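In the block that follows, a single chain appears as structure tokens, in the form predicted alone.
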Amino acid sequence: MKQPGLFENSTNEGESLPLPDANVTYYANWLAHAEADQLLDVLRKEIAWQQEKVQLYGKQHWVPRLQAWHGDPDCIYRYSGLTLKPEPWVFPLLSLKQRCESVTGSRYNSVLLNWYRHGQDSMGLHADNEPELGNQPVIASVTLGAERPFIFKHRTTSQRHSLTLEHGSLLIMAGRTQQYYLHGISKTAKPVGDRINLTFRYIYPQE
């Protein structure tokens, strides 16, 4: 399924990334710096962060970051042998959701939060292509905190593109992006502060 209304209400402030076979738009200063600072502090303290285990190649591994999953009651999300049941919406998340919806013209009913505490916390290359996300998901990704390079890798050509996601930024991945690209955050030995990322999604009910 494809969500209706993609980018019908978007502004002209976003930068379209030069990625073949993808539809990716980046808003560098989407949130004011002071607002992003305050939101980062609130989420550190008020979200019930957990470290999960996932199944990879027949073995269980700790996820190298902290996570939380919030959304509508029926938004069950499954990946890598992990089943996430949503915590209820809280005000800062609901407010951000509505603001993302106003930019994309799409509707969201859930959000995955990842807290990268230091340079050894990471996200392996993957695609958000689970069946419950639909054929062409529109994913709105908000970054708070330390800047980290975000890697795109084309599935066929192996071409890579790196984008440094800034504090208070918004990245929108739409169209065929998940079909053609993997994306992730690599580990780094460099001293780096913590970073919280929020990815707003629409979960379709599965039979």
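Residue numbers here begin at 1 and follow the sequence given. Bear in mind that the values here come from a model prediction, so they are computed numbers and not experimental data.
Keep in mind that the form predicted together with a small molecule is not shown, yet the notes after this line are about it.
*Asks:* Looking in the predicted bound form, is the small molecule within 4.5 angstroms of a heavy atom from every one of Y26, L93 and R107?
*Replies:* Per the other structure, none of Y26, L93 and R107 touch the small molecule.
*Asks:* Does K85 reach the small molecule in the predicted bound form, with heavy atoms at most 4.5 Å apart?
*Replies:* Looking in the predicted bound form, residue contacts with the small molecule do not include K85, since no heavy atom lies within 4.5 Å.
*Asks:* Within a 4.5 Å heavy atom cut-off, is R78 in contact with the small molecule in the predicted bound form?
*Replies:* Contact with the small molecule, no.
*Asks:* Can you work out whether T199 and the small molecule are in contact in the predicted bound form, taking contact to mean some heavy atom pair no more than 4.5 Å apart?
*Replies:* Residue-level check for T199: yes, a contact with the small molecule.
*Asks:* Residue-level contact is defined here as any heavy atom of the residue lying within 4.5 Å of the small molecule in the predicted bound form; does A22 satisfy this criterion?
*Replies:* No, A22 sits far enough from the small molecule in the predicted bound form that none of its heavy atoms falls within 4.5 Å.
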